[in-house]
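Before any questions on how it binds or moves, here is one chain, the form predicted on its own, in structure tokens.
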Amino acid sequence: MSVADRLPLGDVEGNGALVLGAVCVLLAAVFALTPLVVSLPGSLYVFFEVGILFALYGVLVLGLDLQYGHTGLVNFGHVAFFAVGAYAVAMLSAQDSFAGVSLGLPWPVALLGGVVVAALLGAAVGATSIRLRDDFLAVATLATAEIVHSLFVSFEGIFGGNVGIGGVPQPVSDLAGDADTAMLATLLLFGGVTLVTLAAVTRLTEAPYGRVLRAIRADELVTRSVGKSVITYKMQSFVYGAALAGLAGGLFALYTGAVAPGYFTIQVTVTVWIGMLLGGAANHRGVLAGLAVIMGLRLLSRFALGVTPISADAFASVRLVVVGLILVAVIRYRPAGIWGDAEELGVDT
């Protein structure tokens, strides 16, 4: 199947996201490359920070939705590819880091390298695990994430240990006039990247290629019986998702200016999985909306902490319980997710 078949130019779905994404990137360039400056109210900083994180996690959840929502691949180690992309960018682009490797290459080269390294890791994991049954694949990918995390902590001379790698260039902050303008430009840039990614995966999954992926998710034997190489399609889907996670990780490193193992815990995987299940797997806009709901709840709970009489630790536990109850309620009454298609997913309602 050719690239033209996978990304048909005549498809209208996703065009709106592509245009809006391009506009966001252009606006980000205006704020970053011109003397134009903005002043943001201090009370809105937290919303901009969560918005930037949402944009990065949006790329993550779109990759996961491609793997699980459309192909049925249970990947519980998505954070591993996110981390590998971030560390690859940090090691390739950092200058004079106080720990770990720092090669000082240009950041565009490093970002491309981060995507490639994450995709290669995805190919390696897929080559050894893609034939496993769903539950075993979940265990294998979860183990991969733990191994990657342990390597980052253990090999201090290469990855900086628990300290991580600093000195990573922050191109948007370096170009913008001040911190407020840089924050707005970063939000616009990352939001644009997420929208362009949404347009790309929408075209991919609505093309004949995407129909093969959904056929694999529904019934592998039937798909194989019509001459489709199920393993090849599953491998491609897994690598595409890993590459998107590597892109998100690379952007994260270029935003924060440093990477450390503490940024890449299983909490990242849990957040994107809950967002996908809450919104509805196999619905790209739905999974983004689900992610927005779960991150919005976490944001609102920050403000609730100030008016509750319990400690921060106890409040964190209560927040997890509340999120868990919401997820249980959604699975009970909307098993396909809030915006998911129960008939397409084969879920009994």
Partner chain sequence: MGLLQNVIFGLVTGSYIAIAAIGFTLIYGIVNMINFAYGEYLTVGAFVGLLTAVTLPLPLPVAVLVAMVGGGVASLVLARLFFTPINHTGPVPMLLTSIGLGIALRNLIRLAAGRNARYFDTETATFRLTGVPDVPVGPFDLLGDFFVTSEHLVVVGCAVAVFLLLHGLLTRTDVGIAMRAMGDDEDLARVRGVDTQWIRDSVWVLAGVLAGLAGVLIAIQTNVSAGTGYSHILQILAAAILGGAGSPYGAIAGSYIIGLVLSLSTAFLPGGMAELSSAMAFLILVVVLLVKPSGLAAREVREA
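Take the two forms, superpose them, and find the largest set of C-alpha atoms that agree within 1.5 Å; that set is the rigid core. Every value quoted in this text rests on a predicted model; they were computed, and no experiment measured them. Residue numbers count along the first chain shown, from 1.
The form predicted in complex with the partner chain is left out here; the points below concern that form.
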In the predicted bound form, which of the listed residues (V163, V116, L132, A123) lies with a heavy atom within 4.5 Å of the partner chain? L132
Only one of Q95, T232, S154, S225 gets a heavy atom within 4.5 Å of the partner chain in the predicted bound form. Which one? S154
I'd like to know whether I147 contacts the partner chain in the predicted bound form, with contact meaning heavy atoms within 4.5 angstroms. yes
Check whether L327 has any heavy atom within 4.5 Å of a heavy atom of the partner chain in the predicted bound form, and answer yes or no. yes
Looking in the predicted bound form, any heavy atom of T34 within 4.5 Å of the partner chain? no
Can you check whether V30 is within 4.5 Å of the partner chain in the predicted bound form, heavy atom basis? no
Which single stretch, out of 308-316, 278-286, 55-63, 42-50, brings residue heavy atoms within 4.5 Å of the partner chain in the predicted bound form? 308-316
Is it true that L142, E220 and W273 each have at least one non-hydrogen atom within 4.5 Å of the partner chain in the predicted bound form? yes
Contact check, 72-102 vs the partner chain in the predicted bound form, heavy atom within 4.5 Å, ordered by sequence, gives V74, F76
Examine L20 after superposing the rigid core and state whether its CA is displaced by 2 Å or more between this form and the one not shown. no
